[in-house]
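Take a look at the structure tokens below, where one protein chain is shown in two forms, each on its own, as structure 1 and structure 2.
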Structure 1
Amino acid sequence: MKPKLALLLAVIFLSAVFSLCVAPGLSQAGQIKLSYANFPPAPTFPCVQMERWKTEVEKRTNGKVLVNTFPGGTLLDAKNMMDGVIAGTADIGCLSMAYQPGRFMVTNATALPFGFPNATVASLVLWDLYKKYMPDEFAKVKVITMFASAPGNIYAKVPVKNLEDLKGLQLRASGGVADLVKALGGTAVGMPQSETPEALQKGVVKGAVSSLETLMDFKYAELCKYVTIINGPIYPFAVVMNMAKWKSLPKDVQKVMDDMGTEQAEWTGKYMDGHVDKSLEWSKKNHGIEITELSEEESANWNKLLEPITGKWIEDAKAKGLPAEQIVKDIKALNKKYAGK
């Protein structure tokens, strides 16, 4: 065989082998890559749910979709999340609607003091409320899912068993939680979560109102030995996608994501509630915290003081042309429905 012919045959053979071995991998060039921005640190529950969603979408699309996650505000921060997704800075973003209460009027109604028993119930109520009203503020994005934090409860250096105990008590609180503390006669002190441990040590505040996973995550149980269950306000979250990006996705990929909406809301709520339970057990075992649950009579007294908060929201919502009374009725009915389960 002539050298040139032998060389040509060798090239053809190697090309065939290369095609057989490498071609399957080349199909990854057509993979759909999505960026997903989140603002809190990676270990927190909004980011845990983000990683779970990423894993499930990649699995259920058989690798057709690859989701790159950006926790800790590395791509978009909390206040710019919605507009950043609309602009396409990130394909997907997780936002806390409480950061812009006037912008997300309908969904933020769930942050009123409705007494949600846990994050699972609150998350399902929030998702159903969104699906019923489809608020205009989400018209420029595709809403992937919604979920809520666990309800805020009191933990303090001193026992809080009635309104008299709460009177004037300085508690770290923010947003709707601050309104609750003020309505009940306490003193709400605004500050970032990161500054609260030092403020507790120095006596700037005597406690806080927050979801109870922070007893363990921020080691507040070392300083605050008394917990009072009030099932206060929750913080609602939404996961949204750039509309142009959503419309560009194949129908089968869209179906995977649509089918996960309720499932992801419930999964996140259950994860949050499990973390709260773990935190309480850790706090009792390691720091001997005392948990107080209000009597029915005492709880009724507290709720009466909180009614004006919801009344004020109704006034504001009606001024914006929203069916405020019906929204409140729906939230109460959904709370009863899911809490009953």
Structure 2
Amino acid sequence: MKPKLALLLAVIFLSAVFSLCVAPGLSQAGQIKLSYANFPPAPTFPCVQMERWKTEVEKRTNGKVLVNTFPGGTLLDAKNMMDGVIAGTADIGCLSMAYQPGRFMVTNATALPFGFPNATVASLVLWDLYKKYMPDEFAKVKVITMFASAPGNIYAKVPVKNLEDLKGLQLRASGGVADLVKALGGTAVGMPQSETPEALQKGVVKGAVSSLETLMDFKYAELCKYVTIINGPIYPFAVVMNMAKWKSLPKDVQKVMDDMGTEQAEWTGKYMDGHVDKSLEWSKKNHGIEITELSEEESANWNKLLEPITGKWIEDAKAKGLPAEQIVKDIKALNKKYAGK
């Protein structure tokens, strides 16, 4: 064999051996890979918090854990998130409890009209509530963290300045927010956030009630020029991990994740609150949205209509054997505690 050819063959052989044995060893020896599914598009806040968690976990475990993220419903979508994680289709998943209000009764109590001032406070309240009650509906998974959207407000293709404007108006809303729309005389159309852009485009709904960062992140401000500030209910979210996967993790990795629960809830709330402000600026500047603040009198009328909602939830929750009044009391007390900080 010619020396040049022999050298070439040796190089090919050695690089094959390196890539088969050594290279994977460098990046993968003992490395734990976790898949993390999310339902809305990558730039939206549930996915931004997912990327932040991924980065922090990878850093704090010194690369022992690698998290592969799947935004935009590419692995699991909004409605099969919980069951998909239980089944192990994804190791981790982020879900909005409002899309299955009967299933997540305790944590969805945070979507009653409590008047949370912002997402940071609501997220900390939700996380504490979960830790106190550890509700059965999460028994099959490990809960990594919880967080909330900012308070929901109305945005629509038509102005909503009073209850008359709201009568029969089709607004996209789920869970506790849907109860609010119904109580005010509007027509609530339930669907995940990820299906809302098409529904607005096609005119299936005339607007929606959700946190206002969506005006920018989903470009709703292009279609919905009218915003009515009601400081309505939040949407609660949970990040859950397949239980068998959790149990298979080394103790030091579990500790990193457990230590991040509260921090991640607060980080997400703060990110969300800052993002709402940016979104409003962007929407005013680029799409000339009109913002309506209700008069005190109008506001009082609206609030009266909302009063029965909590009573009805208490009845339903009691029928399911839950300490409903105590849960409501706890949420109010926690709201005070964190809002006062």
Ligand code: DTR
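Fair warning: this is a prediction, and the values are worked out from it, not measured in the lab. Between two forms, the rigid core is defined as the largest C-alpha subset superposing within 1.5 Å. Residue indices: 1-based, along structure 1.
The form predicted alone is structure 1, not structure 2. Remark: with the core as the superposition reference, the CA shift of Q254 between the two structures stays below 2 Å. When the rigid core is held fixed, the Cα atom of T196 travels 2 angstroms or more between the two structures. The rigid-core alignment places the CA of T44 less than 2 Å apart between the two structures.
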